[in-house]
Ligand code: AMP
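Given as structure tokens, the chain that follows is alone and in the form predicted alone.
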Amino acid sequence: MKEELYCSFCDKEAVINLKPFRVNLCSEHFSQHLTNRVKRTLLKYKLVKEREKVLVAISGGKDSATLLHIMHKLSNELNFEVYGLHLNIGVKDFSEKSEDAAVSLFKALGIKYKVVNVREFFGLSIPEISKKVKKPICSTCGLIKRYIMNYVALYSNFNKIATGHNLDDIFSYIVKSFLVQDKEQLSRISVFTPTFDKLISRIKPLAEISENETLTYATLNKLPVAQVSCPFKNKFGLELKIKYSFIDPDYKYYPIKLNLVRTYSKLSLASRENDTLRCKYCGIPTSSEVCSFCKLLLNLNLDPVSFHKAFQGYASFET
């Protein structure tokens, strides 16, 4: 017979046993516990300052939903502003459900937000763009998402871009990059990347929160989450193999993952100072004459200058 556990702080039934912290927590105290840990991460790494404007990128999944919900709660206490951004990549069903979940959360929290639909500007979905330029779909998607997030933040005067990468995500990035000896990628993995010229600072407030915890938080707080996964996700890729090999409900590997992520954060490796050139079309720091995004536009037979001019007006919104 399964032993009934009670919350370490009240007489309610526990919904989770966090062994690394030696506590059993009910729904209310678990939400409070996770919020306090995100707060400590924000303060420890100095991710957010008073009166800053933070653009939170929402995918429609459990991680970013948890991030936005907690950041919204902490915004008054730490005196910063939170806004939302969702990118619709044009994949039928998946994108529709993801956008619905993101917008539902924005409205429920009363947060100002913007939805950017990739097809409106490219005339193509991300899978169609990938096929046309003959590049892997995940790298194409990542490139476009990073650029659009930065563009919206840049032209709407945001101080930070927050993403929902959790402890398991960052851990798997580090291990994969080390195994394949991708030194450039290793140098860019960080909880905090400072603003450098036109590249807006990136922060990962969930860096010390496990995926199991974000799932539990989203479920207990009944957050709107799209019950779909990207149909193009490579389930057999090295990164996911590493991630799923070390995901454990019993938190056996939690200390190992936490120590590795903290070590990388202390090293402060993430920097764009080697990018001494500026893209001749958009002006962002790059290692070559033309940045990767503008090369993509050229491969699509789009004029980068005209594209940036049109997108700049669309990307900015009154905050």
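We number the residues from 1 along the sequence you see. Values in this document were obtained by computation on a predicted structure and should not be read as measured data.
Note that the form predicted in complex with the named molecule isn't included here; everything after this is about it.
K.L.:
Taking the named molecule in the predicted complex as the reference, which of L85, M71, L105, I209 has a non-hydrogen atom within 4.5 Å?
P.N.:
Exactly one residue meets the criterion: L85.
K.L.:
Pick from V54, V261, I58, L34: which residue has any heavy atom within 4.5 angstroms of the named molecule in the predicted complex?
P.N.:
Of the listed residues, the single hit is I58.
K.L.:
In the predicted complex, is there a heavy atom of the named molecule that lies within 4.5 Å of any heavy atom of L186, even though the partner is absent here?
P.N.:
No, L186 sits far enough from the named molecule in the predicted complex that none of its heavy atoms falls within 4.5 Å.
K.L.:
Although the named molecule is absent from this view, report whether S64 comes within 4.5 Å of it in the predicted complex, heavy atoms only.
P.N.:
Contact check for S64: yes, within 4.5 Å of the named molecule in the predicted complex.
K.L.:
Just to confirm, T163 within 4.5 Å of the named molecule in the predicted complex by heavy atoms?
P.N.:
Output for T163 is yes: heavy atoms within 4.5 Å of the named molecule.
K.L.:
Is the gap between M149 and the named molecule in the predicted complex 4.5 Å or less for some heavy atom pair?
P.N.:
Answer yes; at least one heavy atom of M149 falls within 4.5 Å of the named molecule in the predicted complex.
K.L.:
In terms of non-hydrogen atoms within 4.5 angstroms, which of the given stretches 171-179, 188-196, 221-229, 86-94 touches the named molecule in the predicted complex?
P.N.:
Correct option: 86-94.
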